[in-house]
Ligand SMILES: C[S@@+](CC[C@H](N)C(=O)[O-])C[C@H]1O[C@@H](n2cnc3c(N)ncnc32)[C@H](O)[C@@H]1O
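Heads up, the chain below is alone and in the form predicted alone; it's given as structure tokens.
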Amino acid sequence: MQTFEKDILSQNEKSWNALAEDFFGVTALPILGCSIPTEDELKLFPDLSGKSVFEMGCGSGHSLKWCAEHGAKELFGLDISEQQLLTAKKLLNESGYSCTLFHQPMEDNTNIPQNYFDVVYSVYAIGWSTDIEKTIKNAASYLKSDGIYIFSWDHPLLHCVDLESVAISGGNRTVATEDRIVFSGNYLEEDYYTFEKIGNPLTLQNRKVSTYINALADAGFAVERVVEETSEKVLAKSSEFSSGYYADFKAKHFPLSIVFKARKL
């Protein structure tokens, strides 16, 4: 792993340790992403009764708890944030579920059982990987043959497309405004970018849809479904113009999240 990637992981780990309490239970099963149908509607996960599951980027443990409530026999997870893992362990233990948790990034497969799990998944965490090809190959190595891999993240368009309200002039005055979709970034450039959450710096890399699909194919997966939808609930409700990052107004024009389901060959 290059020094640059190590620095990003170190920075993100420190920030997520600080943010753990603020994001307790945020974006966890059955929620798979922003403004998209839930797992209750999509039914991407197989019957988990008696199954072994592994979550890459388990956060506060709420998705693992959901899996346990749906019959999963063994719960495993990893996260880059030690504080998140402490929260997850506490939540699961207080709920009466045992779990095995690893404090390490998704790029590291040290000590994790190989060819063992029925389901590997990641709910809004895979984007924190600094090496998507390595991370997806790791997921493949954890799964039994015919095992299921599911992950969700921001739709790549979300970082590139924005909305703006433009004034239309008539003579010397504004006679109307027009809401426009504009490209504010370059979809083809998979660059790193840094932003802040509650004063904590975080760094991500935007990726094309094809990057995910090709990485899955190279790791020995068959893609079974790609979800690029906005939920009927969001589509049906009225929403005022807003250029907010996860605004419902945006979701009515393009998907805010994307979900992949693949099977290990």
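Because the structure is predicted, anything quoted here is derived from the model rather than measured. Residue numbers run from 1 along the displayed sequence.
Form predicted in complex with this ligand: not shown, discussed below.
- Stretch-level contact check against this ligand in the predicted complex with heavy atoms at 4.5 Å: of 187-195, 93-101, 116-124, 143-151, the positive one is 116-124.
- When you look in the predicted complex, the only residue of 38, 211, 200, 27 with a non-hydrogen atom within 4.5 Å of this ligand is 27.
- In the predicted complex, this ligand lies farther than 4.5 Å from every heavy atom of residue 77.
- For the chain shown alone, residue 256 is not a contact residue for this ligand in the predicted complex, no non-hydrogen atom being within 4.5 angstroms.
- Within this chain, residue 62 lines the site of this ligand in the predicted complex, having a heavy atom no more than 4.5 Å away.
- None of the heavy atoms of residue 247 is located within 4.5 Å of this ligand in the predicted complex.
- For a residue to qualify, one of its non-hydrogen atoms must sit within 4.5 Å of this ligand in the predicted complex; none of 45, 228 and 260 qualifies.
- Residues of 89-114 placing a heavy atom within 4.5 Å of this ligand in the predicted complex, in sequence order: 104, 105, 106, 107.
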